[in-house]
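Next comes just one chain, in structure tokens: the form predicted alone.
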């Protein structure tokens, strides 16, 4: 069982490290952990975790259709593992979506707020319904172990065939509807991957991937537990996949020829190289391997062929899901190591659950057993401590929990502090040519900047009205940016930092120094900030003292401060569009801002993308005088 133990330790190490990254993603947001941008919002998590995860789960509906509908009884040993893999695949998809969504706590919205015209609406409902059906379909297996749930199990067994039919129907809809999702973006997806029959291609490739995922899972699990491999069953799956892959290849060739895209396949671009590689890895090589009877029966060839189909089809989903859109959008995207870590962590967690179910429930005819759990077996000792760690279950719990905790600690230690906390949302940018200062706001930390006309606001409001916006500064600071107090994008934060004031590593202030002795210690009875900071200037009505420790979110701060003022001034200035979101939330700053200027900035996206686009657009068309006056105003 050393293979199993070593594999589990590796999986727990990956899961622990990914848990640390995932925690920081939910605390600090997408911008702190990904290289995604507004122009490239779909990356590794959508292509691999979601689209790849759905495709990898196709083995569930394929095997149940073969066993229950086609009545192929010899495939019975593969049905339970296939349904389990499908269920875990969909759980991984849901978990991956939680990481990818900007506001994951709103994932329930599609249940209440229906938008039946959206392909994502259908995809989301299929994921939920099929996950529920898979749970009901698989539930009799774990319930079999507990006699007190016999009535529930018998009830579910009566409707098993109904669940199978629902599962096949929903999964067929879902596998094809993922292709439908990309029909609405013909000008964003590369021509080699875009097709009017994408739903058909997605379904065919999902069937092939499902067959080979079941084969690969069978080979891997039997190798891991040192069981006799099911080579005869894998051979039959290989013979079937040859027909499926052949149909899929013919459909793709006809589609490319009909669309007149054969020249794109052979034009030598990196997209053509990726497309050709994908076709050979996922279709042509596996067809050759499983078409030859001698190779089809060889266990090494089975390993290679099944892995190539799995890898190639997942690669196809990654290509469609975002990678090949880069050539159209002109953007650049490389997954950050944190994105890769989370993706590996999702897979590792699913694999650990799979191994747990294999060992504790009747998935196989005989459950695998740890040799040390057999009677009259001498206990083994841990090599590092020469100590007996207890029964196999207790020893495993000790080893795996230690691996998880250590890996989690290393992950937290390696989190890039600057990436997580940011170096500032507002940035003063100086023109090298004229020395003019401009305040550029990087509101959501994606390097798409919006200019804030600071001097115009001073001229309009008056130099003595700074406190209207700068309502509070940190002690010993003349001025500081909004983000230094409003540190969270969407949630209130403790700007007073009570724990820091009381901590020995912080201000080290005793409780009685701020709270009156004998009175309940709360914010209302505490001293005000000015009592400890007498030189601190609180000369405006917006100041909030220690009675309220929390500052509103960064988004709310800008909305309340900016939008409320502009809403009042909109009628007065006869500019109704001041209250529209697009007045502030622009993809690029105005052409006039960077006219004949080279900005000195630390933001690479600004220098490499925004400025060239501004100069290019300016050279193409000159703005009219009225347009320039509108921008200046």
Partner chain sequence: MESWLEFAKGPLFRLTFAIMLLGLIRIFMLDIWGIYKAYRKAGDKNMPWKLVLSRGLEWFFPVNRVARNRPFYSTFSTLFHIGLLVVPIFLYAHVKQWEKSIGISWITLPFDWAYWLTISTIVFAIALLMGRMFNKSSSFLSRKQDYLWPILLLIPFITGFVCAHLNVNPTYYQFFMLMHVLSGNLIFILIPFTKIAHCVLMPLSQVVCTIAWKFPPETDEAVCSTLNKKGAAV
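Please read all numbers here as calculations on a predicted model, not as lab measurements. Rigid core here is just the name for the largest C-alpha set that superposes within 1.5 Å across the two forms. Numbering follows the first chain given and starts at 1.
What follows is about the form predicted together with the partner chain, which we do not show.
- Between the partner chain and the residues 74, 331, 456, 522, the one pair within 4.5 Å by heavy atoms in the model of the complex involves 522.
- This chain appears without its partner; in the model of the complex, the one residue of 135, 402, 276, 250 with a heavy atom within 4.5 Å of the partner chain is 402.
- Contact check for 166, 185 and 365: none of the three has a heavy atom within 4.5 Å of the partner chain in the model of the complex.
- Taking the partner from the other structure, the partner chain in the model of the complex has no heavy atom within 4.5 Å of any heavy atom of residue 351.
- Within 4.5 Å of some heavy atom of the partner chain in the model of the complex lies at least one heavy atom of residue 413.
- Within this chain, residue 503 lines the site of the partner chain in the model of the complex, having a heavy atom no more than 4.5 Å away.
- The partner chain in the model of the complex is not approached by residue 288, whose heavy atoms all lie more than 4.5 angstroms from it.
- Residues with any non-hydrogen atom within 4.5 angstroms of the partner chain in the model of the complex fall in just one of 258-266, 503-511, 81-89, 220-228: 503-511.
- Core-superposed comparison between the shown form and the other one: the Cα of residue 502 travels 2 Å or more.
- With the core held fixed, the Cα of residue 525 is displaced between the shown form and the other one by 2 Å or more.
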